[in-house]
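In structure tokens, one chain follows: the form predicted alone.
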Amino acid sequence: MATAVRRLKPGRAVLLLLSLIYFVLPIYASLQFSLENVQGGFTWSAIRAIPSQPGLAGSVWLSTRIGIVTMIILMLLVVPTVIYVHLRLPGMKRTMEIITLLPIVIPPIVLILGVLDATPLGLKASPYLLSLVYVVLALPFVYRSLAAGLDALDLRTLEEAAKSLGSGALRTIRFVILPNLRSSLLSAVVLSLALVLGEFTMASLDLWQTLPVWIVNFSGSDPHISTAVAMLSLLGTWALLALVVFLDRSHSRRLRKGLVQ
């Protein structure tokens, strides 16, 4: 690590240092605020008080359910679409990239207000309306994660090899293409879950108390506890990312050992 840092050009090293300060300093300040007492000393009282806070367990469970449904819908819609575009319509890749950028261009508050105005009352009363909206919001990140994985593969060769062995289209996708997209799929899952666990505007306007909404609402009662919950949510997202990296590397090591043997 130190050798790699020394090899960086001065301008890049300064930019890397500034980026590190930009991300680490607010996190450090939040941790310090959540773990200090009235006298300015260190205490674990905010952490110990988290499990007993009213409404927290329900908001975590609601966010988890919405996240799981969002992830399932994204995988069912985006994975076949990306694979089809890369295999059958490669000339449409640039168009798809532009289309999937639209959720970033449209402000979330405009998107959710338009959805609430046009949605039937029965669906509007369900928290899973947020899952449908989060699918649109996560589309740019999930699409690019999967597209990057597919661009690294020689899809034509893999498809022709599978066909020569008698495999149909579905078996080719399931047993040939998807295993090679393991890291991209895991990254897409983490991105979609992280978005659900951090999105406030849409959930608040849809009147559902997800975890981010609970954190904001509870901050008026005890900002130390709400900040501690936000930090734990952030650490949980980091843990998911670390788990993805670990699973991907362990899978790669097993493949290399199998090839060597």
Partner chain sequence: MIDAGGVGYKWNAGTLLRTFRKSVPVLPFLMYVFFVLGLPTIVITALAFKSGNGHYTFSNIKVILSGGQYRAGFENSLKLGVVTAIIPGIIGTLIAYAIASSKSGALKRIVATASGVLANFGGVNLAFMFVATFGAVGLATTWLNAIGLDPWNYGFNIYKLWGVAFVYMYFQIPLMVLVVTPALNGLRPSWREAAEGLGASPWQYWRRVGIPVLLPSVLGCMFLLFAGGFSAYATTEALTGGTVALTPIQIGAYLNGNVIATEQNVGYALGFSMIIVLLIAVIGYSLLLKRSSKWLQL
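Just so we're clear, the structure is a prediction, and the values are computed from it rather than from any experiment. Residue numbers count along the first chain shown, from 1.
As for the form predicted together with the partner chain, it is not shown, yet the points below apply to it.
Q: Among Gln209, Thr64, Gln53, Ser219, which has any heavy atom within 4.5 Å of the partner chain in the model of the complex?
A: It is Ser219 that has a heavy atom within 4.5 Å of the partner.
Q: With the partner chain left out of view, choose which of Leu186, Leu155, Ile173, Leu116 has a non-hydrogen atom within 4.5 angstroms of it in the model of the complex.
A: Exactly one residue meets the criterion: Leu116.
Q: Report yes if any heavy atom of Ile27 sits within 4.5 Å of a heavy atom of the partner chain in the model of the complex; otherwise report no.
A: Result yes; Ile27 sits at the interface with the partner chain in the model of the complex.
Q: According to a 4.5 angstroms non-hydrogen atom cut-off, is Ile106 in contact with the partner chain in the model of the complex?
A: Result yes; Ile106 sits at the interface with the partner chain in the model of the complex.
Q: Using the partner position in the model of the complex, report whether Leu240 sits within 4.5 Å of the partner chain, counting heavy atoms only.
A: The answer is no: Leu240 has no heavy atom within 4.5 Å of the partner chain.
Q: Even though the partner isn't displayed, in the model of the complex is Thr227 close enough to the partner chain, meaning a heavy atom within 4.5 Å?
A: Contact with the partner chain, yes.
Q: Of 11 to 25, which residues get within 4.5 Å of the partner chain in the model of the complex if you count heavy atoms?
A: If the 4.5 Å heavy-atom criterion is applied to the partner chain in the model of the complex, 11 to 25 yields Arg12, Leu15, Leu16, Ser19, Tyr22, Phe23, Leu25.
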